[in-house]
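Heads up, the chain below is alone and in the form predicted alone; it's given as structure tokens.
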């Protein structure tokens, strides 16, 4: 399914305000996560059954010795050919919306082998609820899209780091933006643009942003 919708996430425009993270919580009525200071501005520390969007913080030194501080708003990539769906082989548990291509999990994911599903995801996204045993992740705000609205995370972004639209349009935007960024950042690229619907643009080696940034 190559048509449908896509989200473009331009990390070069992200200020880590975490508006997207909060908007996801609010729209999906997800409870807050009790956290503690663990030495990073990234909070909570990881995705969970109650946290489907997480701005990850990464810091280190570039090849020239200069420090970097990168932000990466992690979420389900809504793969064109989702490995989790293929692994499940159970449409009532994991399906793909015909109009948008969004990968949707239902309560019936509690009947699946959670470890197999998580291990099949190249981005380590699905998380299991300890009580219900169901798996959860981003829905691409399919309920909003179906009613003519854009995803809550995209709506909340104050810098234009996130853009939502028809897939072909998003692919064009990604290509143009990468060409523009390459003038200053030779390593700029759109990660896995041909295989996912949530496309991230980075200006450096993807592994410096997050270990699951690239498959």
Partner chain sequence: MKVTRREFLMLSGQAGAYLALSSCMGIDTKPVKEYVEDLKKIDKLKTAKQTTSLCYYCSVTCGLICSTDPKTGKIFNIEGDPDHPISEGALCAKGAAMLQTTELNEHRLTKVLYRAPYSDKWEPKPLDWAMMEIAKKVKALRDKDFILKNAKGQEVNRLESLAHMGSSKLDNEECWAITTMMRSLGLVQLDHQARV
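Keep in mind that what you see is a predicted model, and the values were worked out from it rather than measured. Residue numbers count along the first chain shown, from 1.
Below, we turn to the form predicted together with its partner chain, even though it does not appear here.
Check your understanding: Might residue 129 be said to contact its partner chain in the predicted bound form, defining contact as any heavy atom within 4.5 Å?
Key -> Judged by the heavy-atom cut-off of 4.5 Å, residue 129 is well away from its partner chain in the predicted bound form.
**Study point:** Close approach of residue 157 to its partner chain in the predicted bound form, 4.5 Å, heavy atom
**Key:** Heavy-atom contact with its partner chain at 4.5 Å: present for residue 157.
**Study point:** Proximity of residue 99 to its partner chain in the predicted bound form, heavy atoms at 4.5 Å
**Key:** Yes - in the predicted bound form, heavy atoms of residue 99 and its partner chain come within 4.5 Å of each other.
Review point. Contact between residue 13 and its partner chain in the predicted bound form at 4.5 Å, heavy atoms?
Key: Taking the distances in the predicted bound form, the answer for residue 13 is no, it never comes within 4.5 Å of its partner chain.
Exercise for review: Verify the flagged residues 26, 91 and 142 against its partner chain in the predicted bound form: is each one within 4.5 Å by a non-hydrogen atom?
Suggested key: Yes.
Exercise for review: Could you tell me which stretch in 147-155, 186-194, 172-180, 59-67 has residues with non-hydrogen atoms within 4.5 Å of its partner chain in the predicted bound form?
Suggested key: Only one stretch passes the 4.5 Å heavy-atom test: 147-155.
Check your understanding: Of 80, 134, 104, 118, which residue is found within 4.5 angstroms of its partner chain in the predicted bound form when only non-hydrogen atoms are counted?
Key -> Among 80, 134, 104, 118, a heavy atom within 4.5 Å of its partner chain in the predicted bound form occurs only for 104.
Point to revise | in the predicted bound form, residues of 74-88 near its partner chain [heavy atom within 4.5 Å] | key: Contacts from 74-88: none.
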